[in-house]
Structures are given as structure tokens and as C-alpha cells.
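Below you'll find only one chain, the form predicted on its own, shown as C-alpha cells.
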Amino acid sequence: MTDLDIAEVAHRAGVPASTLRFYEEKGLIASTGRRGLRRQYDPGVLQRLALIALGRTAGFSLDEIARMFAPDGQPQIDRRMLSAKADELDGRIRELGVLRDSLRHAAACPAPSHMECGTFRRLIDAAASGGVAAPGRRLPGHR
């Protein structure tokens, strides 16, 4: 199979060419050379990009993802790291479930104003104390 041009890889992977260049800078992918000014990639880079995208979606950093590949470029994923990330996701899912339920309650609450609703006030208090974290932000006391 012949090498793919950077524009073709970007199109097929659904990422901008600048992301491919950045990933190459970080050592996550490697081009096989150039045709004129355009980088060329082995078709196997598409599978690697899919693994990178999956890792990013799961919340792994690019440095963590880089460690998931052996020096020969083949996936070599630490199962303990996957298990730890799954545990983190379980915690985040629980937090989001509480947040969802609180928002649904506040949306249907018969109180005259949201600030008179005890459930909404608890949500506000939790947010003020760091108990409601934005995606990617760890809660105090949580790993």
C-alpha cells in the first residue's frame, strides 16, 4: 500500500494537518518522508491516530498516550493505567449524575426562584466549595 499525503491523513482521521504536525513534534506519529513540501505517512498511522483519539476521549494526556506505544510504534498499553482511568471515569460519571439530577430538579422546582430551592442552593454551595468540578479538573481529595 502506498503512503498517504498529509491532507489525506487529516481528512480520513478527522483532524487538521496542524494536529498531525503537532503529534509528530511530540513523537506520537512519524512521517515516512516528503513528496515536495507535503509530508507522507504510512497507512498504519490511521490506526495509531484512532488510538490517540480514543485515549484523548478517555481523558489521557498526550504524554500518557505516548507511553502506550512501544519503541517500534506498536501499542503496548499498561492495563493498570487503563483500570485506573476507568476508576476515574466511574467517579466522574457519579458526579455528573448528581449534577444532572440536581439540574433536572431545579428546572422543574416549584419554588418561586431558584435561590429559594434547597436542592439548587446545595448545588451552588458545592460549586463554590469546589465540589462540582469542570471536566478535566480534579475535585479536592479525589485522585
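We number the residues from 1 along the sequence you see. Keep in mind that what you see is a predicted model, and the values were worked out from it rather than measured.
Omitted here: the form predicted in complex with the DNA. The next part is about that form.
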Look at the candidate spot formed by T32, Q47 and R79 and say whether the DNA comes within 4.5 Å of a heavy atom in all three of them in the predicted bound form. no
Which of these residues, L62, V98, L51, A84, gets a heavy atom within 4.5 Å of the DNA in the predicted bound form? L62
Could you work out which of H105, R56, H114, R92 is the residue within 4.5 angstroms of the DNA in the predicted bound form, going by heavy atoms? R56
Using heavy atoms and a 4.5 Å limit, would one call D5 a contact residue for the DNA in the predicted bound form? yes
Is there a heavy atom of G27 lying 4.5 Å or less from a heavy atom of the DNA in the predicted bound form? no
R21 near the DNA in the predicted bound form, any heavy atom under 4.5 Å? yes
Residue-level contact is defined here as any heavy atom of the residue lying within 4.5 Å of the DNA in the predicted bound form; does G118 satisfy this criterion? no
